[in-house]
Ligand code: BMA
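Here's a solo chain for you in structure tokens, the form predicted alone.
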Amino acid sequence: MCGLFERFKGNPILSPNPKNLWESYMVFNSAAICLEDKIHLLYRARGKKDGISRLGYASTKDGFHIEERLDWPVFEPEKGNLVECLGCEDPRLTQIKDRIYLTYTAYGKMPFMKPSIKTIQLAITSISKKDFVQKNWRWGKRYYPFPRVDNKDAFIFPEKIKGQWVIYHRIPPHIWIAYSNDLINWGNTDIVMSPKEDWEHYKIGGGAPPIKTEEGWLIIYHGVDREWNYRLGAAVVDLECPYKIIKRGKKPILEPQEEFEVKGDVPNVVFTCGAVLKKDKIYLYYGGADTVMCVATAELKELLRSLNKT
């Protein structure tokens, strides 16, 4: 099944930019969203090995070639906010009506601890679609729905299901589900997926936000094996029961293979935060070895056909 996705021959499509200190060391793990016939990428970047993660912006019309890339970060840790003072990581984007919701990992410090303790937790904010498209980066209030919980790899479903909003999030080693009435307060959480195959033995976590298909919600996620290799897998979730997995692949859909996926700051890693469906083709954006950004494509029908019923 690993042959389903075809890597773009021009990979990587984004690399560290030595001219900009904030993105001179690593450029990876990009969110992706299609608005007004253009794919917008919000990517994670760092300026040095132990530096703070910020989010940069780039865009492409054909899905492969970058046509615009800003020289400054469009989202970064909030000044004076201890919860995310060490970085904003691994963004995912979901459009809900006229707003774009950003989920990310807040990397910071536990207040009042001596010695200092680092923490990670899920964070959510949003921006109007108009501001996003016009690059007016007026982000809304930042929320931390599971305070002080080791939690990340979250994405929001793009529409209500049975009257409630749905989010997938990751408390190791499982993928969890939670519900909300207002996109701010989340609860009724439970495990929805657990490690199953050898290639995901250690833990799994959410990848790209779900893509709605006739068969169900297509979920692309990552798995980590016993030797810390990161691969990507796929599953299909029932349209009306988002806690019900109806299909799941036994083998990964993408695994480290190219030199820029095998060698880098973190070797043997392919990791996604965004995928876009255009004309029945999936454009999968993924980080290679936590150092560069790449894209691969696959036909939606072929991917769905390759998955096994649960």
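Small disclaimer: the values here were computed from a predicted structure and weren't measured. One rule holds for the numbers: they count along the sequence shown, beginning at 1.
Not pictured, yet referred to below: the form predicted together with ligand BMA.
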Residue among Cys34, Val266, Ile52, Ile245 with a heavy atom within 4.5 Å of ligand BMA in the predicted bound form: Val266
Which of 249-257, 66-74, 35-43, 269-277 sits within 4.5 Å of ligand BMA in the predicted bound form, heavy atom basis: 269-277
Close approach of Ser30 to ligand BMA in the predicted bound form, 4.5 Å, heavy atom: no
4.5 Å heavy atom contact, Glu302 to ligand BMA in the predicted bound form: no
Tyr230 within 4.5 Å of ligand BMA in the predicted bound form, heavy atoms: yes
Ligand BMA in the predicted bound form - contacting residues of 151-168, heavy atom within 4.5 Å: Lys152
